[in-house]
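We begin with a single chain expressed as C-alpha cells, specifically the form predicted on its own.
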C-alpha cells in the first residue's frame, strides 16, 4: 500500500512542479516523462502483486468533510483497472511529449502536463475510493481536468462546442450519481462502501438505485443513446488525449457500474436482460455509425461505443447468470467483460496514437484525402494494422481472447438457461457475430483507403515518419496486443480472479483450462499458417534478389494509367453495407445534378450517417432549453428597482406562507 500511496504522491507533486516550471519547456518534458514513467511503473507493480496474491489492502485518514473520509483500498477489481490506467496513461503521456514538442503556439505546456498528471491521479482515486464522498470528489475532478485537456485547441469553435457538450453530459450523469449515493447512504447510515455492501435494500429502492447507476455511469461509458458527447470529444482533443479518453476515461463508467453491482448484490431480475439489450444495441449501432464515418478519429470514436457494447454484453451475462444461479456463466461473463476493458484500452489507444501520427504527417484526418501512406509511414502503418487486427477480434491478437470469453458465456447461456434466457443469449450471439463482421469491414476500409493504393491528396508531397518517441509507445502497446493474444493465461487468470470477487466463487483450475483450450488451438493453427506464409515471403524475397524481375504497371481494366480517382473511397467502400441498414442508421447519399455532357469532368457524390439520438432527440431538447433561457434572461435586466421588486415579492410570499391563517 505504501508504494501505491507513493505513486499518488509522485503524480500530484510532479503536476505542481511542471505547473510552476511551465515556461521551461524542455525541463517540463523531462520532469513529466520521468514522473509519469515512475508512477505508472509503481502502479503496475502493485496491481500485479495484488492480483497474484488475491488480497486486499486499505488506507484511511481523517478528512474534514461532512460524511467524508480519505479511504482508499485495493481489491482484485480495482487492481485490474489500475493496470489498465497505468498502461494507457504511460503510452499516451510519452507519446504526447513528442506530439506537443513541435507545438509552436503560445500555450503553456506546463499547464497541460499538470492537468494530465492530476487527471491520472483522479482516475486512480476513482477506482480505489472506498467512500462515496471521496469517489464523487475524484469523479468531479476527473471531469474538470478532462475538460481542460479536451479543449487544448480552444481557439477552434468546434473544440469549444465539444467541451461544452462533454461538460453538460457528464454533469447530467453526475447528478444521477449524487442522488443514487444519497439514497444508499441514507439506507446504510454511512457513506462507506463496505457499510453499504452490508446493507439490505428493498426491491423498489434497489430498482431505483440500479436505474440511477445505469444512467449516471452509462453517460460516461457512452451507452447508446446517451453517447452523444463521445463522437465530438474524441476528434476535438489532441490525439494522445483522445487515446486516454477512449482507453480509460470511458471505462470509469464500466468500473462504477461493476462497483455498484458488487455493493448492491440483490439486483432486480430485469437488470440482466436490460443490460444485454443495451450492449447489443450499442455494439451494433456503434459499428454501423463507424462504418459511415470519413474522419479517422470520429470513426474510432464510434468504435469505442461498439466495444463498450461488447463489454456490456459480458456484464449482462454476468447479471443473468447471477439471477439464475448459474455461477459459471456469471464468472465467464464478468471475466470476458473485464478482460475486454483492458484489451480495448490497449488496442484503441494504439489506434488513436497511430491516427495522430497519420494526421501529424499529412495535416488532415479526412480518410478520402489519404492513400498510399504505407510506403511513407511504415512503422505507423504496420502498428495501425496490428491495432486493426486486434479490434476485429482475430486470433493471435488480444481482442480475440476477450471476445471468445464473452462468446463462451453466451454459448453456456444457450445450453443451461431457461427459454427466456436462451432467447436473450441467441440474440446476443447474433449481435456479437454481426459486430465482429462489420468491424472487419470497417477496418478493411480504414487501413485500405489510408495506407494502400495511391495518394488521393492534391498535395502529392513526401510524408515523413514521426519521431521515435511517438512510435515507441505505439510499439509498446502493439507488443501487449500480441503478447495477450499469444500467451493469454496470465491476463485471463487475473480477469477470472477479479470476476470471482463478484460472486464469491473459487476458481477451479479445470475451468481455466477449458476456457484456454480453444484459444490455444486457434493460436496454434493460425501460428502455423502465418509461419508458413512468412517462409514463403522470405523465399520470394530471396528469389527476387537472385533473379531479375521485369516490373510492369498494375493492370487497370484496359486503362493506360491507374489514377487515384479509380480507387475506392471510404464512402464507396461502405455504401453497399450501409445501404442494407439505411433505415436503421439514417444513411443519406447526396449526388450532384446529372451532367448534360456524355463525358463530364467532375461529379460530386457524398454520403453521411445521421446520429439519430443527437439530431432527433437531444438537439430539439437543446433548442427548447435555449428558448426558455432567453425568456428567463429577461429577469436579469440589471435594473435595480426590478431587483427590489423581487425582494419585496419574496418577503410578501414568506409572510403569507407563515401567517397563522388557522388561528
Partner chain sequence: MILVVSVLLRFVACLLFSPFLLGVIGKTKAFFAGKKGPPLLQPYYDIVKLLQKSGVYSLTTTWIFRAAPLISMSAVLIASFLIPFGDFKAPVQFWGDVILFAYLFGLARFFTVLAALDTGSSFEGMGANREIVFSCLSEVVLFLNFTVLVVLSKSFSLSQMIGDRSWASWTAVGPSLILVIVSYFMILLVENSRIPIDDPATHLELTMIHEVMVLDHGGPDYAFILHASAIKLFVLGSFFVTLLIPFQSHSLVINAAIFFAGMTGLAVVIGIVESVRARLRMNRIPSFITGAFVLALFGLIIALARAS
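Numbering follows the first chain given and starts at 1. From a predicted model like this one, the values you see are computed outputs, not experimental measurements. C-alpha atoms forming the largest set that superposes within 1.5 Å between two forms make up the rigid core.
Keep in mind that the form predicted in complex with the partner chain is not shown, yet the notes after this line are about it.
Residue 403 versus the partner chain, in the model of the complex: is there a non-hydrogen atom within 4.5 Å? So residue 403 counts as contacting the partner chain.
Counting only non-hydrogen atoms and a 4.5 angstroms cut-off, does residue 392 reach the partner chain in the model of the complex? Although the partner chain is absent here, residue 392 would touch it in the model of the complex, with heavy atoms inside 4.5 Å.
Any non-hydrogen atom of residue 547 within 4.5 angstroms of the partner chain in the model of the complex: Flag for residue 547 set to yes.
Please run the contact check for residue 576 against the partner chain in the model of the complex: heavy atoms, 4.5 angstroms, yes or no? Answer yes; at least one heavy atom of residue 576 falls within 4.5 Å of the partner chain in the model of the complex.
May I ask you to choose, among 479, 172, 182, 430, the residue with a heavy atom within 4.5 Å of the partner chain in the model of the complex? Flagged contact: 430.
Exactly one residue in 522, 270, 153, 141 has a non-hydrogen atom within 4.5 Å of the partner chain in the model of the complex; which is it? Checked against the cut-off, the match is 522.
Please determine, with the chain shown alone, which of 430-438, 273-281, 487-495, 69-77 has non-hydrogen atoms within 4.5 Å of the partner chain in the model of the complex. Of the options, only 430-438 has residues within 4.5 Å of the partner.
Along 362-384, which positions have a non-hydrogen atom within 4.5 Å of the partner chain in the model of the complex? Counting only heavy atoms within 4.5 Å of the partner chain in the model of the complex, the contacting residues of 362-384 are 374, 375, 382.
Hey, does residue 418 budge by 2 Å or more at the Cα between this form and the one not shown once the core is superposed? It does not, since the residue 418 C-alpha is displaced less than 2 Å between this form and the one not shown after the core fit.
Aligning on the core only, does the CA of residue 514 end up 2 angstroms or more away between this form and the one not shown? The answer is yes; the displacement is at least 2 Å.
Cα displacement of residue 269 between this form and the one not shown reaching 2 Å, rigid core superposed: No, because once the rigid core is superposed, the C-alpha of residue 269 moves less than 2 Å between this form and the one not shown.
Work out whether the Cα atoms of residue 496 and residue 525 come closer together or move farther apart in the model of the complex than they are in this form, the change being 3 angstroms or more. Relative to this form, closer in the model of the complex.
Cα distance between residue 404 and residue 514, which in the model of the complex differs by 3 Å or more from this form, closer or farther: Relative to the shown form, the pair is farther apart.
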